[in-house]
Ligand code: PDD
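Presented as structure tokens, the chain that follows is alone, the form predicted alone.
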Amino acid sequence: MTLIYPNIFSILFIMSKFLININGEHFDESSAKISVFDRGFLFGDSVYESTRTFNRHPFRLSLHIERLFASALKIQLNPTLSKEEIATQVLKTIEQSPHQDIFMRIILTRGNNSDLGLDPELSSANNLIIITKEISPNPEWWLSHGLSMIFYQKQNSPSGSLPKSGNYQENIMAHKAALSQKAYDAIMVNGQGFATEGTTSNIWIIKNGVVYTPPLIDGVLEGLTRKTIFEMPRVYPIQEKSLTRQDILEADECFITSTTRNLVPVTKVESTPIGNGKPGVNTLELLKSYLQFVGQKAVF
């Protein structure tokens, strides 16, 4: 893929934090507007993807759009835009951005309602919203000290790979609970007692030299960083395995992954240090391998 460089119009957005594409038109944060009758606003009736660029290369864009459509299928949202049309709008938004490393949230709502009823037939064509901003490097302390997390018991525990939808209330409550305990985030636990994921990340442990992560069937979103780690040359053996709270607390190392954060060590869960309470050597080596891999294959 050819590098995408800012064009002359990107100067208009240099002073703005956000560049937002709404149905093909670009706005800054002060002028971007959607209808109050949009179903994403009314009911959380939307799906979305979060991704990024590495030096203006979009990270696994085709797979993110595939997952967007898979999420839409799970909530019976019929896209009125094609995958190619959405990809084109993402690339046009990158062209307009003045930044090298860009965070992107791609949102597809069912559309604007003609009334306040729940019936999806009341909606119009989809609304496509792409929100972008500059992505900053991870804080240094993430690697020097690692993150602390808590466990959060989910009230709603669907099984299987989850859709990435606009209905995020339980994740918000879990994150709020973590912040109230001065932790970075929460590890969600399903009704069977198995850890599933963080509120916006996948969770992993390392035990006796083997890397483990929960299977999708436990109620896990298949993260694209997660997928990439499985596709990388195997630095360590990797297995899907249902993980209990005790598995995590007794792990040698723990880390989370997400598209925007890459791999981040977790050094404490609840009040228990993980391993020696410091970022794990194997985790940091895996992060190094991951960054080398995506640096070589970041266009996707």
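Quantities reported herein were computed from a predicted structural model and do not represent experimental measurements. So that there is no doubt, residue numbering starts at 1 and follows the sequence shown.
We do not show the form predicted together with ligand PDD, though everything after this point is about it.
The partner is not drawn, yet in the predicted bound form one stretch among 269-277, 59-67, 39-47, 230-238 has residues with heavy atoms inside 4.5 Å of ligand PDD: 59-67. Of the heavy atoms in R245, none are within 4.5 Å of ligand PDD in the predicted bound form.
The closest heavy atom approach of K164 to ligand PDD in the predicted bound form falls within 4.5 Å. Of the heavy atoms in T225, some are within 4.5 Å of ligand PDD in the predicted bound form. In the predicted bound form, at least one heavy atom of E197 sits within 4.5 Å of a heavy atom of ligand PDD. For the candidate set L128, I131, L122, L221, a heavy atom within 4.5 Å of ligand PDD in the predicted bound form is found for exactly one residue, namely L221. Taking a 4.5 Å heavy atom cutoff to ligand PDD in the predicted bound form, the contact residue among S148, Q89, N171, N112 is N171.
Taking a 4.5 Å heavy atom cutoff to ligand PDD in the predicted bound form, the contacting residues in 245-263 are T257, S258, T259, T260, R261.
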